[in-house]
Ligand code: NAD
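Only one chain is shown below, in structure tokens, and it's the form predicted alone.
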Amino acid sequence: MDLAIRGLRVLVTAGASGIGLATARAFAREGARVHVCDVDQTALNAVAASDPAIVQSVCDVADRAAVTRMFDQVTATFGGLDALVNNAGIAGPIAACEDIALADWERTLAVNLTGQFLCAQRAIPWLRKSSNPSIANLSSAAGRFGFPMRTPYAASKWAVIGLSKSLSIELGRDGVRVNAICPGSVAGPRIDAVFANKAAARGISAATVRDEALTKTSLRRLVSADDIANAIVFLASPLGANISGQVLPIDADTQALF
């Protein structure tokens, strides 16, 4: 299927690995022009080697000045912007609420929420000039359910949905579509580390924690980064022209988190 996005100008934050890289590659396969930013220079170097058509830059999305510099580079290179994928996020601490340091709480919200706000602020004037503008904000299944021992992460991801819903209304008259994407447990090193940390805290095996997590999904499986990427690319295409203000779970029908 031709998604009709050849030449689409796309920015993917935290695009050097995981969901971000899968999304950048999915856009590039459709002929889009893609810029990824990340805090990990080594990972960016790897993208430069493996995917030379994808433009890269270092940026901490929680740093307003860094975001400004990055957007100046993106818009100078592309001459504008059509799609923003607010993917950057961190897992935050795994601990009971009373044991979480304020600095860890603040850093989680700074990256996961304020980073999306800062990028949206810079993107909106350019998106208003686009004929096919969209924003995809990465929330999480943790933005739909309570998530014990992960309060900073869950709070940030619930807030992303509020941000997305509000922006969809605010920008609707300009034709800018805004949706929140809610991945479930995505196969890869990050969820493996989460399972391992939870297992260590409970004194059980990581395999047991993984099996418990899968019992909370109807399909009894993890999702892939490509599953998330494919949905984001569809929403940024003309085929998603009337999809906005939505909260889209891609989570093998997750019923609860633990």
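Keep in mind the model is a prediction, meaning the values are calculated, not measured. Counting begins at 1, following the sequence as shown.
Same protein, other form: the form predicted in complex with the ligand, not shown, and the subject of what follows.
Contact check for Asp226: no non-hydrogen atom falls within 4.5 Å of the ligand in the predicted bound form. The shortest heavy atom separation between Val34 and the ligand in the predicted bound form exceeds 4.5 Å. For Leu235, no non-hydrogen atom is located within 4.5 Å of the ligand in the predicted bound form, even though that partner is not displayed. Using a 4.5 Å cutoff between non-hydrogen atoms, Asp60 counts as a contact of the ligand in the predicted bound form.
When the ligand is considered in the predicted bound form, only one residue from Ala28, Val39, Ala46, Ala199 comes within 4.5 Å through any heavy atom, namely Val39. For the options Ser185, Ser134, Ser164, Thr108, the residue carrying a heavy atom within 4.5 angstroms of the ligand in the predicted bound form is Ser185.
Heavy atoms within 4.5 Å of the ligand in the predicted bound form are found in one stretch of 137-145, 98-106, 120-128, 76-84, which is 137-145.
Shown without its partner, the chain has Asn87, Ala88, Gly89, Ile90 in segment 73-104 as residues with a non-hydrogen atom within 4.5 angstroms of the ligand in the predicted bound form.
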